[in-house]
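Below you'll find only one chain, the form predicted alone, shown as structure tokens.
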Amino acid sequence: MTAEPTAAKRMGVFGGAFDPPHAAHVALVKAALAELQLDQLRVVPTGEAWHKTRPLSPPQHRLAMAQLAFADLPRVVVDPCEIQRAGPSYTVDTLRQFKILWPAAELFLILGEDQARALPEWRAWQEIVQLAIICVAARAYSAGAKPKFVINNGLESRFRWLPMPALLVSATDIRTRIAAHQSVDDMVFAPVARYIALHHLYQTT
């Protein structure tokens, strides 16, 4: 993780629970840095997730794991702003904050295809589309695949596809495997795996 540039012109924003951060998260960040030619990419762990039906791991653990997972990537900053903010975490609040801090920066919000499909359910989603270019990474689906995300008419200029290799890795599967005492060595990086073991995360339901 590098020091923050003072005047990032192209800034990526990648939010999520990161419970835990895994290989597909890192692959997506690498693809976004290269494809979007970003000056900086801010990884933003969710504080209080309004849309999750299950409780998340304590925020200090998810923040620490994200810092470990993305530590070696240049131009990447793990930002604790949502964890430090009281109340539910809403993407629109984070983008508003970033626009105040970096008014000259062009923002690129990086979403998986499943998140993009749910975007109309997000708070002030029309404002989100105006604050940032929405960059949608395709995600591989198994049998009974969901239809591709369709961009609403009239908003095409605010969206772009982010090509990346499809990796069948999910945080849900990782948590399930750890609870069953199965290996996740091919799904999370070694520093994150050591942190999970040290703090006995995901070992009980």
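The first residue of the shown sequence is 1; numbering continues from there. In this text, all values refer to a predicted model and were calculated from it rather than measured experimentally.
The protein also exists as the form predicted together with adenosine-5'-triphosphate; that form is not presented, and the subsequent description refers to it.
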{"item": "Sole residue of 179, 31, 169, 64 within 4.5 Å of adenosine-5'-triphosphate in the predicted bound form, by heavy atom", "value": "169"}
{"item": "Residues 38, 43 and 132 all lining adenosine-5'-triphosphate in the predicted bound form, heavy atom within 4.5 Å", "value": "no"}
{"item": "Proximity of residue 195 to adenosine-5'-triphosphate in the predicted bound form, heavy atoms at 4.5 Å", "value": "no"}
{"item": "In the predicted bound form, residue 106 touching adenosine-5'-triphosphate (heavy atom, 4.5 Å)", "value": "no"}
{"item": "4.5 Å heavy atom contact, residue 76 and adenosine-5'-triphosphate in the predicted bound form", "value": "no"}
{"item": "Partner proximity in the predicted bound form: residue 93 to adenosine-5'-triphosphate, non-hydrogen atom cutoff 4.5 Å", "value": "no"}
{"item": "Per-stretch contact check against adenosine-5'-triphosphate in the predicted bound form, the hit in 80-88, 111-119, 96-104, 124-132 (non-hydrogen atom, 4.5 angstroms)", "value": "111-119"}
{"item": "Those residues of 14-29 which, in the predicted bound form, come within 4.5 Å of adenosine-5'-triphosphate by heavy atom", "value": "14, 15, 16, 17, 18, 22, 24, 25, 28"}
